[in-house]
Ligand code: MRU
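Only one chain comes next, encoded as structure tokens, the form predicted on its own.
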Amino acid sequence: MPIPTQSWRGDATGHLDLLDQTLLPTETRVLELTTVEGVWEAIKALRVRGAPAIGVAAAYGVVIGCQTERGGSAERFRARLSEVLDYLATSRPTAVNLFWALDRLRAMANGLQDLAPTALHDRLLEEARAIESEDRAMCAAMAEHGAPLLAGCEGVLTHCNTGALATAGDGTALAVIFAAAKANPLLKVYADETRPLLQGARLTMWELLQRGVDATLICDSMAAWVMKERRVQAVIVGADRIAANGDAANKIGTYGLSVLCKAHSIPFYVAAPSSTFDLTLADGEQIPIEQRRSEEITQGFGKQTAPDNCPVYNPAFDVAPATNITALITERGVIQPVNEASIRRALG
């Protein structure tokens, strides 16, 4: 990556530099975020996206939001902390890493009741940095565990963006692909466009080409035919939330891919860190699905492509059922078969 997806500058009174992914691949602009409102907007507007990266950004957003009360009383600082945590939680509903990171900071602060505001603020930054560092290590571990699953594949298909732009490291599903391509330079990757916001075309292809991976872009509707032609022997995607039974929410279009894989007897893999699992939800029916603006479909990237006042249904995610998932790839190893018992055993 020539430009980090996000990086913290300075001490606890510093700021967050964030690559605006809405402008890729034609423009690389780094935003200097100095307010919690700026971080909230960046998450909501997909300037930063990908469940792990959202969690990291939110953690740094907490540090920024508490800067105003760093020199205040303990009561005022903790009130501000609670306000900031609740505010950032409203940015996006589906990616559980967002809530996992915020809950982690809340729990840490609750366990340090005797710390003065300045010391607690510094400790919040330490914890945010730890979340970023741990995610980087988890990406490397997922690559190590997942790459053998793609050994022998001539082609693999992926959906949306799950690389360095979506995480603090090399990615989730894309990290596995990078590792597999390093072991087998002849591996060919097919990337879905990922409508309506084209994360596959704009972001995944950008990353794959930068890494020198043999990659081909296809429309989402071409995936079935690519499978029929036996161009791919596996599909691997990421996830934004995984329920206790293994149902996995990911970018819209993932459910369809899982069905196609089952129809064509192709392995369907989901790569995600343990922080993406939500064991409080029994199954995918309980995962909240974000509904986004109709203009993303009717006026994508500024050009109107549908009649005025056209009714639109625009869910950002769907859920691949555990029964369609061959294996879950985590930093703790490969979970197979995909069921609640296997998941709880793997995650402890």
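Note that this is a predicted model, so its numbers are computed, not measured. In this text, residue numbers run from 1 along the sequence as written.
Unshown form predicted in complex with this ligand; subsequent notes refer to it.
S.K.: Which listed residue (Ala239, Ala101, Val176, Val235) meets the criterion of a heavy atom within 4.5 Å of this ligand in the model of the complex?
M.R.: That would be Ala239.
S.K.: Just to confirm, with a 4.5 Å cut-off on non-hydrogen atoms, which of Leu46, Leu31, Leu281, Ile297 contacts this ligand in the model of the complex?
M.R.: Only one option qualifies, and that one is Leu46.
S.K.: Within a 4.5 Å heavy atom cut-off, is Ala248 in contact with this ligand in the model of the complex?
M.R.: So Ala248 does not count as contacting this ligand.
S.K.: With heavy atoms only and a cut-off of 4.5 Å, decide whether Leu157 touches this ligand in the model of the complex.
M.R.: Output for Leu157 is no: heavy atoms all beyond 4.5 Å of this ligand.
S.K.: Is Ala58 a contact residue for this ligand in the model of the complex, using a 4.5 Å heavy atom cut-off?
M.R.: No, Ala58 stays farther than 4.5 Å from this ligand in the model of the complex.
S.K.: Examine His121 and determine whether its closest non-hydrogen atom to this ligand in the model of the complex is within 4.5 angstroms.
M.R.: No.
S.K.: So which of 163-171, 224-232, 184-192, 110-118 is the stretch with heavy atoms within 4.5 Å of this ligand in the model of the complex?
M.R.: Looking at the partner contacts, the answer comes out as 163-171.
S.K.: Is any part of 47-65 within 4.5 angstroms of this ligand in the model of the complex by a non-hydrogen atom, and which residues would that be?
M.R.: Those in contact are Arg49, Gly50, Ala51, Pro52, Ile54.
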